[in-house]
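Take a look at this one chain, the form predicted alone, written out in structure tokens.
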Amino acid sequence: MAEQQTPEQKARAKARAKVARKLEGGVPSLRGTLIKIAFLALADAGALFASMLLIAQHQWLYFSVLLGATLLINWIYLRRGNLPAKYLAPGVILLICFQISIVFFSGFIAFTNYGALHNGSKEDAITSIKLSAIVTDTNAPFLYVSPVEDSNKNLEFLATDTTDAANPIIYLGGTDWAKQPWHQLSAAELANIKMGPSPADGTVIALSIKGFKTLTQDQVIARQAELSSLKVPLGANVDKAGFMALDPSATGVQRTFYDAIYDPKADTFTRQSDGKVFYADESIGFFDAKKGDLHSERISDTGWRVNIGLGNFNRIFGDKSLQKPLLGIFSWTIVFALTSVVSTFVVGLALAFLFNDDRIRGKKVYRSIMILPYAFPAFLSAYVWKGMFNTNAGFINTSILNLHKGHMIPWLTDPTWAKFAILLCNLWLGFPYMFLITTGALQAIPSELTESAMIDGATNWQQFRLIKLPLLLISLAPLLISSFAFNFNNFTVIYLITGGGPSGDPSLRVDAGGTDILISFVYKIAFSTGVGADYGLASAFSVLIFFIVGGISFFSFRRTQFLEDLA
């Protein structure tokens, strides 16, 4: 016979069954099932559309990831049970898309030369170099042109060389050298030509040829883009022979050629004007005259993305043009972060103690006023402070300090004063946060502790130093560490107040301003308009910042243990 369960065992079994039913999600209603299927259908349709685009671009890795994620989502939501997974899945997907993937992508880019000069593949770079090497042969005659269309709707150039006006030479040809070769018309073909005055200047040229439709002026204007890109080869090898291209005035054509010819077998470009050869350097992603020499001549500043290993990190620690400003920027970043944390904490703590006194009436009103800077958007407050710091018309110089012309403080133009301005603005933006968390922590301290200390004869300073401050630091230390990490990368206040300025040494290849911190310096490297954006170097800096902040935070959290021992 089965052993009879006690009431306690029955109660526990009933509780476990209840929890199991919750985890299974219960029995879904018809309405809920239909809504779930509708959302899954929309998600699958979006995934199918994205998959088609990825397949068309041969992005098989991303296609595989998308396919796996789509199948996993359908399995999670169509399978009964797994209720926690149904709630966690959207958050995990967003975390992977907008956080984890970006971290890994930045880490990958840090080991490449990706930037404004290397933003595509090698094939893209070759195409761009060839396009930029197109040169018009100024020694070749200018030919008047009449665009014509053959029976297959293919455009061709009917061109007239009027160098000898008494004996003009007429040519015809299209884009396909095998079927529409560019050639001088024979005597038999000239019989099918109709001559007439050119619409441009009245010169007598060939206007039409039998068997072809001559484009009207309106048709020429309507098909201007197509005609401008039309290249009629002058030989079987268009790279060497050149081609006829439409003049910007659309009235004639002239021989045009590629000054740089690419040899796919040798993987080189040869410049026709002087015969110089440029080799593909896979170590730097450029075609240069001498491999491995960073200072050798390049055929073009257009390169391609390659993996350069630790090249970006070697530049950070070995490039003298970076070393000079980097030490000052790193020092100022540490000072800025530490000073911001200490100043906001001290002011917030002082105000929290002040408005925690029971003798003050209307504490709620005062506390509400204190958090107003925290309630307003930071970028608006930063712009207001920027106007107040104006040297000649700012409120601080003219009204608060009552200074006169010639004695104005250059808040935003002098590096030292600009640093003070940044710290003052950041104090205004940051102290309400410290005030809020300190007020909450202060109210959580049992009143019995301070009452016992008062009975034992402890002064207010002793109560603060030996009781309240250690207890506050136990709960606030993690928040202070996170505040340091935030200010270490506080891009907003630097960018909006000074933009990292005032400008530093103009002789350097990088724009390192007087108030730049690491993150604003990285921003300038990544989105520079001077020497060109360098995403690879910026990503390498980002990796270093990640390890710096992570290392400081790790050891700081480890050191917070002594606060508990002190308490």
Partner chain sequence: MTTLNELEPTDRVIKQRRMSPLKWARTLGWKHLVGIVVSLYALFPILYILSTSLTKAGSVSSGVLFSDFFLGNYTALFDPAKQHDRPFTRWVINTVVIASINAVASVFISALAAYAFSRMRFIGRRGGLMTLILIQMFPSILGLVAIYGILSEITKYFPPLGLGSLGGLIMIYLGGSLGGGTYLMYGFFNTVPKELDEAAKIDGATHTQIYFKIILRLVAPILAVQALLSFIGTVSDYILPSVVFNKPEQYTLALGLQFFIDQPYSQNWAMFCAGAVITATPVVALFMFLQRFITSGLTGGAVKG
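Take the two forms, superpose them, and find the largest set of C-alpha atoms that agree within 1.5 Å; that set is the rigid core. These numbers were taken from a predicted model, which means no experiment stands behind them. Positions refer to the first chain, counted from 1.
Only in words, not in the display: the form predicted in complex with its partner chain, which the text now covers.
Asks: So if I measure heavy atom distances to its partner chain in the predicted complex, which of the stretches 92 to 100, 269 to 277, 199 to 207, 246 to 254 falls within 4.5 Å?
Replies: Going by heavy atoms within 4.5 Å, the stretch is 92 to 100.
Asks: Quick one: Met370, Ser399 and Gly440 and its partner chain in the predicted complex, is every residue within 4.5 Å by at least one heavy atom?
Replies: Verified in the predicted complex; spot residues all in contact, yes.
Asks: Mark Ala418 yes when one of its heavy atoms lies within 4.5 Å of a heavy atom of its partner chain in the predicted complex, and no otherwise.
Replies: Contact with its partner chain, no.
Asks: Report whether the minimum heavy atom distance between Phe555 and its partner chain in the predicted complex is within 4.5 Å.
Replies: Flag for Phe555 set to no.
Asks: I'd like to know whether Ser528 contacts its partner chain in the predicted complex, with contact meaning heavy atoms within 4.5 angstroms.
Replies: Contact with its partner chain, no.
Asks: With the partner left out here, check for me: in the predicted complex, does some heavy atom of Gly406 sit within 4.5 Å of its partner chain?
Replies: Because no heavy atom of Gly406 falls inside 4.5 Å of its partner chain in the predicted complex, the answer is no.
Asks: Could you spot which one of Leu131, Leu380, Ala241, Met454 gets a heavy atom to within 4.5 Å of its partner chain in the predicted complex?
Replies: Among Leu131, Leu380, Ala241, Met454, a heavy atom within 4.5 Å of its partner chain in the predicted complex occurs only for Leu380.
Asks: Of the options Ala337, Ala260, Leu234, Ile109, which one has a non-hydrogen atom that comes within 4.5 Å of its partner chain in the predicted complex?
Replies: The option sitting close enough to the partner is Ile109.
Asks: Enumerate the residues of 419 to 437 that have a non-hydrogen atom within 4.5 Å of its partner chain in the predicted complex, in sequence order, or give none.
Replies: Leu424, Leu427, Trp428, Phe431, Tyr433, Leu436, Ile437, in sequence order.
Asks: Please check if Tyr523 moves between the shown form and the other one, taking a CA shift of 2 Å or more relative to the superposed core as movement.
Replies: Comparing the forms between the shown form and the other one, which are aligned on their rigid core, Tyr523 does not shift its C-alpha by 2 Å or more.
Asks: With both forms fit on the core, is the shift of the CA atom of Leu310 between the shown form and the other one 2 Å or larger?
Replies: For Leu310, whose C-alpha is compared between the shown form and the other one after core superposition, the shift is less than 2 Å.
Asks: Examine Ile76 after superposing the rigid core and state whether its CA is displaced by 2 Å or more between the shown form and the other one.
Replies: Yes, Ile76 moves 2 Å or more.
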